[in-house]
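Okay, so here's just one chain, in structure tokens, the form predicted on its own.
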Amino acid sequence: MTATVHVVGAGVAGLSCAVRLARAGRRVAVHEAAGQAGGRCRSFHDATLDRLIDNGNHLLMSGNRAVRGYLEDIGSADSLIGPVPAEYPFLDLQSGLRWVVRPNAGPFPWWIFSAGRRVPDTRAWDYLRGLRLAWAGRETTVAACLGTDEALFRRFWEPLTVAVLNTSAADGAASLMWPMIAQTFGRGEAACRPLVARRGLSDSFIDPALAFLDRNACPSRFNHRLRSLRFESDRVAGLDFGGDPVAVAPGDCVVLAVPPAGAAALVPGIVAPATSRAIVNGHFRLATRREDLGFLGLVGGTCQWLFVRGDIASVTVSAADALADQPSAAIAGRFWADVTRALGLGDAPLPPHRIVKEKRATFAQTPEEVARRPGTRTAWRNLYLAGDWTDTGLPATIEGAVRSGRAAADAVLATLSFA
């Protein structure tokens, strides 16, 4: 009998695992607790805005090899867009100063020697301090590694750290920043082009994956929450979906692609990150369409990144635990003040909007929590883990989620090849 791989969780990690297994000709069944796939990476129609919006804003880079491979597998490699050559525009909301970071082609960063390409009020040798990240110890934070006194930290390293780690530079693990820098900025302009979804996250990452699985006879069940695992000896023997038990045959495998708290509740003795950080997103419907701006980094205000798609302006604040506790109306007012300054809208009244709070967006990527990341394999021979919170060697980003799913799939395939 052909073995079945049960993938529990239809976020990006679970889908990337299922797609890789299906491409290898394996029978896959996907189980998702929610009514839709995507987790924190999905789109939905908002009635207030009467527009399709993403539940969170995600900026990717062309050097994200796992993401690019996943999109090629599901047939949506052309769904991400961004400037060519790479450009990172910024605005200081307090001073009104604008600048654009423009990396050059090739691995040698000669752009740091050009005042017109680097951050204002910085010197070329300031950037060399970033090499300290390559040798950062596991207990070192980004702020301790790079220092906080220079303009480069305030206008580049701190915004980048918060965006990548969803944790402040004072608390964020320096060891996670270098792998990201190495595969993007460290490889030159072609690897660090900023990319966003052309039409939406679901259109790029989710819907094509579900269609691929459907074409390969891999069913996906929604509103199918896993309540418990049944263990026998050294393997998982059953899945309990609340009155709907599923037997796991001796040759079958299970991949848990659920959040760390869910995995810890299901798997006895597992060590996983225990604290999280929030992300708050705001979406505003503009009076007119804007085609002149894709994204903008913001410093000196509340918002950290601004994205514009048509007549929707979206902003993001990461490491936003304190902000997430505030009323949505108050958050909307603060966000709109930043948007009007960034887009030159003057005293335009607050338009239709939606505030989306993700209070457990990622695990807190501090040195202490990073040390709690588990590997792909577990103590049970047919049970595997996937998720951006597992030990991928990368931050908890879409790239990390895709890589975790691929690692779980490869581990399953290695097991089944010896069965």
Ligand SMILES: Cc1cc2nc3c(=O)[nH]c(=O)nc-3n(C[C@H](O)[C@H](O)[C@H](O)COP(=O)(O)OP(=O)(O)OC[C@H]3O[C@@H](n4cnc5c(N)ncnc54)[C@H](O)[C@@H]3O)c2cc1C
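Just so we're clear, the structure is a prediction, and the values are computed from it rather than from any experiment. When you see a residue number, it is the position in the sequence shown, counting from 1.
One more form of this protein, predicted together with the ligand, exists but is not displayed; see below.
Which listed residue (374, 367, 56, 63) meets the criterion of a heavy atom within 4.5 Å of the ligand in the model of the complex? Spelling it out, the residue with a heavy atom inside the cut-off is 56.
Heavy atom within 4.5 Å of the ligand in the model of the complex - residue from 253, 209, 257, 142: Of the candidates 253, 209, 257, 142, 257 is the one lying within 4.5 Å of the ligand in the model of the complex.
Segment assignment from 209-217, 131-139, 106-114, 279-287: heavy atom within 4.5 Å of the ligand in the model of the complex: Among the candidates, contact is made by 279-287.
I'd like to check something about residue 8: if you look in the model of the complex, is any of its heavy atoms closer than or equal to 4.5 Å to a heavy atom of the ligand? Contact check for residue 8: yes, within 4.5 Å of the ligand in the model of the complex.
4.5 Å heavy atom contact, residue 31 and the ligand in the model of the complex: Because a heavy atom of residue 31 falls inside 4.5 Å of the ligand in the model of the complex, the answer is yes.
Is there a non-hydrogen atom of residue 40 within 4.5 angstroms of a non-hydrogen atom of the ligand in the model of the complex? It does: once the ligand is placed as it appears in the model of the complex, residue 40 has a heavy atom within 4.5 Å of it.
Hey, in the model of the complex, is residue 398 touching the ligand, heavy atoms inside 4.5 Å? Yes.
Residues of 347-367 having any heavy atom within 4.5 Å of the ligand in the model of the complex, listed in sequence order: The stretch 347-367, when checked against the ligand in the model of the complex, contributes 358, 361, 362 at the 4.5 Å heavy-atom cut-off.
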